[in-house]
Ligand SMILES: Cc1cc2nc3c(=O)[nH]c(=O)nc-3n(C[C@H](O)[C@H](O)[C@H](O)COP(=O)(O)OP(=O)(O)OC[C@H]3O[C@@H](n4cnc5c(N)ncnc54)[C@H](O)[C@@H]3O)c2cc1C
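This document opens with one chain alone, in structure tokens, the form predicted alone.
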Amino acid sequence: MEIDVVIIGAGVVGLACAAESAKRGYSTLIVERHESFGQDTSSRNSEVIHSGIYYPPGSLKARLCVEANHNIYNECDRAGVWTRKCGKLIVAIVAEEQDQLEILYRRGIENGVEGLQLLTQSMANKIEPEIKCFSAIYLPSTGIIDSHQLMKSYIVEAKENGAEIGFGIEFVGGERKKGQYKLHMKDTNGEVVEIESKYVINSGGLFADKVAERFGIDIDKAEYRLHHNRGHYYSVSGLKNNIISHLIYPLPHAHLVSIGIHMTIDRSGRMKLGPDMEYLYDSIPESEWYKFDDSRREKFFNSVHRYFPSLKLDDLSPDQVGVRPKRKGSEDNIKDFIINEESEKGLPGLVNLIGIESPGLTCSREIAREVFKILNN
């Protein structure tokens, strides 16, 4: 079986790559180890359309996120994907946080984020009277999205242009021979299937580093090794769900290990808090990753109560757990997305997508476009 482009992983980025590939006329196959799409990070997140304020100027995250924020609302409208441009406040809770807030504001200006404003306490309280803060950054272009609808729209577009999707198929190895890739896949019955392709896109998400390793890449030398970071979410009592109309974020942690336990709103108007962060040890099996640990309730309450004082401990109910593929440990500096075509490693036509965490949902289409810019050069 010969295919132009094989994409490994049917999360939101892999599906965007499939849509972009098929639209460009390539015969396209996407393979996914799970029995459906978006079963990991893509369906267990805050569903936020980010602005691009957080990321170092000149980084892929900054450039692609600003481009995506500019494009995504119109593109989703055309595809029938629900979004709401609700806006967001990043709050300095006390005066001592003002300098850090202003640094973040200047970074947003440098990145080209549209419409951001620096607000005093009184200005912020006109927007959100129930929020306690010393000052805030207002980001009118931030919003929320139905991530499941977005992924389905990519599938529809890909299939309309001839792409095929195989679920329950795990990539187990690959090598380059005679100008083609020979890929070894295993289905749920344990049967091995071989596929030949000209191009391969590794969009393996949480296991993208392991996929790269199966092509013979030294993932430590390449700085591809991923660190799995777990985050819990709590939902808030229905009585509080109409109190805020914007997303509310504290200042981010150092090195962007996390952007802090924040308040988001989903499509139904339900308020959610999260995520927290916890690096997973290798000894913790994947079957244990998504079990909810309700002992975190008080920690969540204390974190959010600082800027949302009407919150009560009894308002919180367990919601979901997500896991993020980070390229860094807890003390490392900020690491960017990796979008790398591997000719220098003797693997031309292989593109590795490594460390595609937030803002990967926002940037999914822009990441796909970036992949094909690289492949078409």
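Remember, predicted model here, so these are calculated numbers, not experimental data. Note that residue numbering begins at 1 and tracks the sequence as displayed.
Keep in mind that the form predicted together with the ligand is missing from the display, and what follows is about it.
Student: Just to confirm, R214 within 4.5 Å of the ligand in the predicted complex by heavy atoms?
Tutor: Yes, R214 lies within 4.5 Å of the ligand in the predicted complex.
Student: Is G108 close enough to the ligand in the predicted complex to count, meaning some heavy atom within 4.5 Å?
Tutor: G108 lies outside the contact set for the ligand.
Student: Whether I169 contacts the ligand in the predicted complex should be assessed with a 4.5 Å heavy atom distance threshold; does it?
Tutor: Contact with the ligand, yes.
Student: Is it the case that A19, even though its partner is missing from this view, gets within 4.5 Å of the ligand in the predicted complex, heavy atoms only?
Tutor: No - in the predicted complex, heavy atoms of A19 and the ligand never come within 4.5 Å of each other.
Student: For the interface check, one of 89-97, 201-209, 130-138, 291-299 should have non-hydrogen atoms within 4.5 Å of the ligand in the predicted complex; which one?
Tutor: That would be stretch 201-209.
Student: Would you kindly say which of L29, I339, V48, L311 lies with a heavy atom within 4.5 Å of the ligand in the predicted complex?
Tutor: Filtering the options by heavy-atom distance leaves V48.
Student: Just to confirm, with a 4.5 Å cut-off on non-hydrogen atoms, which of L64, L350, L316, V323 contacts the ligand in the predicted complex?
Tutor: Contact check passes for V323.
Student: Need the contact residues for 350-377: heavy atom within 4.5 Å of the ligand in the predicted complex, sequence order, or none if there are none.
Tutor: The stretch 350-377, when checked against the ligand in the predicted complex, contributes I356, E357, S358, P359, G360, L361, T362 at the 4.5 Å heavy-atom cut-off.
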